[in-house]
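Let's start with one chain on its own, the form predicted on its own, as structure tokens.
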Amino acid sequence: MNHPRWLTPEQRHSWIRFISVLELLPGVLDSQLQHDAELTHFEYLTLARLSEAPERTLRMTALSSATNASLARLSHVIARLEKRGFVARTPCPEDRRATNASLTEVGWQKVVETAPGHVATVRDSVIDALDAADVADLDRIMGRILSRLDPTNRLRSWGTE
């Protein structure tokens, strides 16, 4: 019989802090984006991923992978963003069975208007609490964790292109 490998007191303390950040940070990001831009964090993430794609367009399957969302969830969100004029769906010219999502000019303007407030919240909530060595440590540590959670590198590569 295998015995559990319990966390040491130091590991448990670190884990509780880590999980506390994971619980609190999404609410902080959502609150700012809802207040300033009437977007959820996931909607903003979707627009941001499209804004950085070639021609601001991705296949729905690629966007689903890039946002770590099921196609059903992404389709629902894209429908909401479409109604607001931020995104357009079109058949994929290379594969008529596939659908592309494209950021419209209105959607691009929404990203441009929203990004400064979002970045300010990220800085205030996380980055400005760290010195340069802490940022390097955070990058190293998150890279190691992501290599286990994201072995295909679909999320890990975002922002490194």
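Computed from a predicted structure; not experimentally measured. Numbers for residues come from their place in the sequence shown, where the first is 1.
Only in words, not in the display: the form predicted together with the DNA, which the text now covers.
**Q** Is every one of 73, 77 and 97 within 4.5 Å of the DNA in the predicted complex, counting heavy atoms?
**A** Spot residues vs the DNA: full contact, yes.
**Q** Which of 61, 125, 102, 109 has a heavy atom within 4.5 Å of the DNA in the predicted complex?
**A** Looking at 61, 125, 102, 109 one by one, just 61 meets the 4.5 Å heavy-atom criterion.
**Q** With the DNA left out here, work out from 128-136, 49-57, 110-118, 88-96 which stretch has heavy atoms within 4.5 Å of it in the predicted complex.
**A** Flagged stretch: 88-96.
**Q** Though only this chain appears here, would residue 42 touch the DNA in the predicted complex if you measure heavy atom gaps against 4.5 Å?
**A** Taking the distances in the predicted complex, the answer for residue 42 is yes, it comes within 4.5 Å of the DNA.
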